[in-house]
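The chain below stands alone and is given as structure tokens, in the form predicted alone.
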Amino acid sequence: MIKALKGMKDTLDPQNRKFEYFIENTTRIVKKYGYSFIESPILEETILFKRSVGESSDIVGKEMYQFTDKGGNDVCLRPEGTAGIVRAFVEAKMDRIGGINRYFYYGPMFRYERPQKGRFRQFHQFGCESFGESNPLEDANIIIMIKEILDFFGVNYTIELNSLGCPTCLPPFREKLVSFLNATEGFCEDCLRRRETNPIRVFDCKNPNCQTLLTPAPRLNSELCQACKSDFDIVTKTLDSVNINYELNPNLVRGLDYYSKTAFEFVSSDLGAQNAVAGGGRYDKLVEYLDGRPTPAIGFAIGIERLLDMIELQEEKREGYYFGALCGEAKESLFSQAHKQLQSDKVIHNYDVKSLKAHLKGADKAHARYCAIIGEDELKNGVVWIKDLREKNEELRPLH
């Protein structure tokens, strides 16, 4: 028997009902904030992620599904969503048109990493990207929007915040940090590699020994320039003004190289080691890195599989009609009746002749509001028997 590849899972009931429930309601919320749908290809040129995500990241260095296609192109399955959306934004010349553009997307991502709870090699993300707005109130607004999404689904979480600085304050801080790292022995190979490529990523190391060694290290939040301090103060004061609790985490650097200024994560103790439910931040230089005009931007992504484990489905509402026949002679009339009903309602049509009890059971399983039945008596009298499965009443309607 052929099985799914390791770390890649089929989605069946009830998980797929949760997936649809999540997408439907999250889409409804983000549209309320002015976001419109965008979709980018699953397959992209590898250089897109090397230039945006960064070669110092674990994603590019270890985890990408990268290969040469039949045309000799170096391509990979997308490991995250933001880079492809930025590429689409630049390719469509939206950076030249200007204005504020807000998009949402969802779909599969691919990373070759060790499968564990809440982490798969094919996984799904829901993300939002906002282009053209430099005001830090946009940062706060996005955090508030994510909070509304997670609150709707009843998820327990803590909001963690940090500022990653800008091209003014980050270079001198990097020099201080590299000096500290060079003077301290015992860091793991990943940290030594990051020291040469993107030093602040050492704070993202999960090695307990490295975290102990980093205790006396300088922190970027105490080295911010005045502009970054001011922007971050606006974000925190805005969240304070609407009574949103958060924690400042100076070790929060995110796993991608393109972030600057505000960075945030929503973490949940209900998830175990992989505890991030949603995360993102500002990336004001990324459009420019990908050959567009300088455009401020900020975004986030939610790991859908992680969230689904925490969602309890509300009782599904009954809707539409279930049509069933009690005798073979009724099939033709039933099909015609069902087709007419389909013009205005959801319809489930069972083609097999069954007992009334079996059809009622089928209608209940399908979460239909009405069970419509035709048998010998109904044919003779030119009617269809209808039972309202929510209100528990019955009626006869003329065939039409």
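Note that the structure is predicted; figures quoted are calculated from it, not measured. All residue numbers are counted from 1 along the displayed sequence.
The same protein has a further form, the form predicted in complex with a small molecule, not shown here; the description that follows concerns it.
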property	result
Partner-facing stretch of 157-165, 214-222, 303-311, 319-327, counted where any non-hydrogen atom is within 4.5 angstroms of the small molecule in the predicted bound form	303-311
Non-hydrogen atom within 4.5 Å of the small molecule in the predicted bound form for each of 129, 259 and 277	yes
147, 195, 111, 87 - the one with a heavy atom within 4.5 Å of the small molecule in the predicted bound form	111
Position in contact with the small molecule when the complex is considered in the predicted bound form, options 190, 80, 231, 138, heavy atoms within 4.5 Å	80
Heavy atom of residue 123 within 4.5 Å of the small molecule in the predicted bound form	yes
Partner contact for residue 299 in the predicted bound form: the small molecule, 4.5 angstroms, heavy atom	yes
Exercise: residue 254 in contact with the small molecule in the predicted bound form, heavy atom 4.5 Å	yes
Distance check, residue 173 to the small molecule in the predicted bound form, heavy atom within 4.5 Å	no
